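In the block that follows, a single chain appears as structure tokens, in the form predicted alone.
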Amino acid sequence: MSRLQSPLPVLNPADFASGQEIRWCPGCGNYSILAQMKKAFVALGRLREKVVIVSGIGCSSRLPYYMNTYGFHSIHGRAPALATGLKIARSGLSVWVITGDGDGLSIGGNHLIHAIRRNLDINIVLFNNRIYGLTKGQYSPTSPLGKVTKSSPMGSIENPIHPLSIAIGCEATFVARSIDTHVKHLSMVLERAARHDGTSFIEVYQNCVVFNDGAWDYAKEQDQKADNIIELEHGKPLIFGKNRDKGIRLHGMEPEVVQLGKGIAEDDLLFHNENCPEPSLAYLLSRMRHEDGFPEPIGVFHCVEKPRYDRKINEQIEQAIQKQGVGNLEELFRSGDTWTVD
């Protein structure tokens, strides 16, 4: 190392804390997600000046204030659009989009799906608490059918969106799910997402203690979660249960829960392949719901490589410059048809 070079600073999670007063309700699941993001950045060796966090509107979207990185608190649903422009202009930055089930899937749904399909190198983390928390308890796009809220006093009559199904349908190259209180798992998923070369989409089951407390108890409580969630492992059979004696196998094109033993072995089960180019298996897993009698998968559903939008567009810009030279904005502005208004 030359005398002019300085060693990279050794950071810890506290170095990523901004010092701003955190204004989330006590017990909110957002605290855990914030903590795991700090740990993940340390594990990844991220420098604070190389990280940008872009958010929309909602409780989740306060997160940039609490991170000692660059950040944008943008407008409702438009965080993916800002993140797209940022990544194209500053390709060396680690860009993260923080959104919620309302912000990202309602007003921001159009922006979200196009950011995913373009496959630029950003990370989208969607906090899903199945409710509008910041605006005080209206039903959201992920609220279950029949959910009674302030805006649906007789029960919601809208079919809920399944975020991972949307992402996979939009040709996402990295799709994962975790849970706010499953801290080691969440940290692992965030690290995997950050290392992915392309758009990563992570859904996090997050509890709103005030307006939708207990929405994910079946997937979080110690006495329930073993029978209600299944941790995906690449190349491993889908096994779950307190005694790991239950599994998922395919019956034709449909998944079914089976009991191991009694003629059913692990080799009869569905084996997970997160790198399969065809996303049908990942989509099938994204449709397994607790209310339909299935354990809900967590972990990495899909991880493949495809051309990146930000890389390709910058390659086109370089080709245009080599062919036509560096442009002149003033000349471009005054070129073509112009009008003078008296």
Partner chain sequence: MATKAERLAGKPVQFIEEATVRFCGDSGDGMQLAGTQFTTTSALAGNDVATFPDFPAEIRAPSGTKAGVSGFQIHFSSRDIFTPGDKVDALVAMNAAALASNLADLRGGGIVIANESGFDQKNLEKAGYDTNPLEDGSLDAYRVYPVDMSRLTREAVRDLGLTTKQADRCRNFFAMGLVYWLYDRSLEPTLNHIELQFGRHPEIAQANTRALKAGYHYGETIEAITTQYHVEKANLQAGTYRNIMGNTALALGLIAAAQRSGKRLFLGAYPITPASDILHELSRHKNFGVLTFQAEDEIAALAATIGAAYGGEMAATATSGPGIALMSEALGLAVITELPMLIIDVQRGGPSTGLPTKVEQADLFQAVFGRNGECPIPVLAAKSPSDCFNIAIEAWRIAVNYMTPVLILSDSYIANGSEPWRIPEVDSLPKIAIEHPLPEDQSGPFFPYQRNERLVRPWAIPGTPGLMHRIGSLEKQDIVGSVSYDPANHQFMVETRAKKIAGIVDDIPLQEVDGPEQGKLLVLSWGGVYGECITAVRAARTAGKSVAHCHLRYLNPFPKNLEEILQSYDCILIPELNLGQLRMIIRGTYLCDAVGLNKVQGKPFTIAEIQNKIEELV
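We call the rigid core the largest set of C-alpha positions that still match within 1.5 Å between the two forms. Positions refer to the first chain, counted from 1. Everything numeric here is computed off the predicted structure, so don't read it as measured data.
Keep in mind that the form predicted in complex with its partner chain is not shown, yet the notes after this line are about it.
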| property | result |
| --- | --- |
| Val300, Ala40, Val52, Cys28 - the one with a heavy atom within 4.5 Å of its partner chain in the predicted bound form | Val52 |
| Its partner chain: the contacting residue among Ile202, Ala81, Leu238, Ile168 in the predicted bound form [heavy atom, 4.5 Å] | Ala81 |
| Contact segment among 148-156, 70-78, 247-255, 171-179, judged by heavy atoms lying within 4.5 Å of its partner chain in the predicted bound form | 70-78 |
| Contact test in the predicted bound form: Ala14 vs its partner chain, heavy atoms, 4.5 Å | no |
| Contact label in the predicted bound form: Tyr65 to its partner chain, heavy atom within 4.5 Å | yes |
| Residue contact check: His162 to its partner chain in the predicted bound form, 4.5 Å heavy atom | no |
| Lys225 within 4.5 Å of its partner chain in the predicted bound form, heavy atoms | no |
| In the predicted bound form, residues of 86-117 near its partner chain [heavy atom within 4.5 Å] | Leu86, Ile88, Ala89, Arg90, Leu93, Asn110, His111, His114 |
| Core superposition between the shown form and the other one, C-alpha change of Ile321 at least 2 Å | yes |
| After fitting the core, Asp15 CA displacement of 2 Å or more between the shown form and the other one | no |
